[in-house]
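In the block that follows, a single chain appears as structure tokens, in the form predicted on its own.
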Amino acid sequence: MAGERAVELVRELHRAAGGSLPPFRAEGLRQALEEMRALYERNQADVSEAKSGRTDLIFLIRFRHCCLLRNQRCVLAYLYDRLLRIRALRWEYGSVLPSTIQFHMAAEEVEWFNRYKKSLATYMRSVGGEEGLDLTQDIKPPKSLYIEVRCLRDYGEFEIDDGTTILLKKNSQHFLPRWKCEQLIRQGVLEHILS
């Protein structure tokens, strides 16, 4: 049936659990675009015949045109939804994505992510005075200013605002300011200990 390849791209995104990013389906996208090109070429041939007096082709031309528009909407929905998910990953993981997620991205998506990351960094530097304002720190309002964390891997020295240096070694526990360790929690260096 016409349009199944494009609809399958959208279905795959819909099946992806919790807004995760499934692998980019370049082959499925190529097949959908090839189908669109074939529909367009058949329509062009039939339009020239319809102009010469074959009015029985008009309904077939309209049907193909509707299929073209449907495929176009599905392909654009697939690409746009992936960009929204990648943008959300920037806020969730920070400026460095895990390699498992980058593996699922196309080269153009990686390039878009890097441009978005630079644009966001430029904006954050432009607001909030000379140091800038990190908008990615408190995504959810904190219940307390300090939290207890456990270090999941060796990280090295970590300095907090008052100049105190803390050595983050694997399995060590610390009571730190939430805003200083949120980024490390997202990167998988620290784990929030819930009591």
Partner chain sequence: MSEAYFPVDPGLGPEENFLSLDDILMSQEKLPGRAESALPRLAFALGQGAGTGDSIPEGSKLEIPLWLAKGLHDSKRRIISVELPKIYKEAWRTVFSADANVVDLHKMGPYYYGFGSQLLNFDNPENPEIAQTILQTFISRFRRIMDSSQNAYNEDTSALVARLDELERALFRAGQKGLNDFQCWEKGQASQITASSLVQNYGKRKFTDMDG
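By rigid core we mean the largest C-alpha set that fits within 1.5 Å across both forms. Just so you know, these numbers come straight off a predicted model, no measurement behind them. Residue numbers count along the first chain shown, from 1.
The same protein also exists as the form predicted together with the partner chain; that form is not shown, yet it is the one meant from here on.
Shown alone here, Asn171 lies farther than 4.5 Å from the partner chain in the predicted bound form, counting heavy atoms only.
In the predicted bound form, the partner chain sits beyond 4.5 Å of every heavy atom of Leu176. Contact check for Trp91: a heavy atom falls within 4.5 Å of the partner chain in the predicted bound form. In the predicted bound form, none of the heavy atoms of Arg125 sits within 4.5 Å of a heavy atom of the partner chain. You can rule out all but one of 159-167, 125-133, 24-32, 60-68: in the predicted bound form, only 60-68 has residues with a heavy atom within 4.5 Å of the partner chain.
The partner is not shown here, but in the predicted bound form the stretch 31-54 reaches within 4.5 angstroms of the partner chain through a heavy atom at Asp46, Glu49, Arg54. After superposition on the rigid core, the Cα of Arg11 moves by less than 2 Å between this form and the one not shown. With a cut-off of 2 Å and the rigid core superposed, Gly129 has a Cα displacement that falls short of the cut-off between this form and the one not shown. In contrast to the form presented, in the predicted bound form the C-alpha positions of Gly156 and Glu130 spread farther apart by 3 Å or more.
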